[in-house]
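A single chain, nothing else alongside it, follows as C-alpha cells in the form predicted on its own.
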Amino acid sequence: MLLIRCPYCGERSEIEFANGGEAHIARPADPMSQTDEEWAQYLYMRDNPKGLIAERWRHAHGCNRFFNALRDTRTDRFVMTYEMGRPRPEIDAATLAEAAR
C-alpha cells in the first residue's frame, strides 16, 4: 500500500487522496486577452517528465484540503509534501537519488 503524508493530518493510505494535476501553474492575469491557442495551452498542456514533478493533491477522505507534493514518476515515490501557497522546495542530490531507487 502506498502511504501519502498529508501536511495537515499525517501519513494516510493512498485511497484517501485525489490527484489535482500539476502544481504551480499560474493563471493568466487577463484571461479574456488570451487567444484560443494560449487559453488551450493554459488549460490542457502540462509537463509529463520522467522523474520529479510537483503536483497538487487533495485529502478527499480526510481533512479535504489541498496540498502540494513532489513525486518521482519513475518510482511513484513521494519525496515530500508541503502546504499550498508555499514555493516548490529545492531538493538536494541525495534526496533525488533516494527517490529514484
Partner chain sequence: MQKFSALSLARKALGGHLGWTPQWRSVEPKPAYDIVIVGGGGHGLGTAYYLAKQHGLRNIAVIERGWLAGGNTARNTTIIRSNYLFNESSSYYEHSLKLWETLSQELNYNVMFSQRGCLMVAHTVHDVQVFKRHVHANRLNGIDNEWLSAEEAKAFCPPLNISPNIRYPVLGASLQRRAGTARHDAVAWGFARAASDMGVDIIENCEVTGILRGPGGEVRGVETTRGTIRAGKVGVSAAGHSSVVLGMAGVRLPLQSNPLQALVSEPVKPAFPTIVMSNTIHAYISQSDKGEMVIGAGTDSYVSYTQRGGLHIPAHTLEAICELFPMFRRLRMLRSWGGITDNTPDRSPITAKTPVPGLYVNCGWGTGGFKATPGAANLFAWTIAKNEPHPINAPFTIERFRDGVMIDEAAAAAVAH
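Residue numbers count along the first chain shown, from 1. All values derive from a computational prediction rather than experimental measurement.
Keep in mind that the form predicted in complex with its partner chain is not shown, yet the notes after this line are about it.
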Consider E83 of the chain shown here, and say whether it contacts its partner chain in the model of the complex, taking contact as heavy atoms within 4.5 Å. no
Heavy atom to heavy atom, is A40 within 4.5 Å of its partner chain in the model of the complex? yes
Contact between A94 and its partner chain in the model of the complex at 4.5 Å, heavy atoms? no
So, D30 and its partner chain: in the model of the complex, are they within 4.5 Å at any heavy atom pair? no
Could you run down 28-61 and flag each residue that has a heavy atom within 4.5 Å of its partner chain in the model of the complex? D36, E37, A40, Q41, Y44, M45, R46, D47, N48, P49, K50, I53, E55, W57
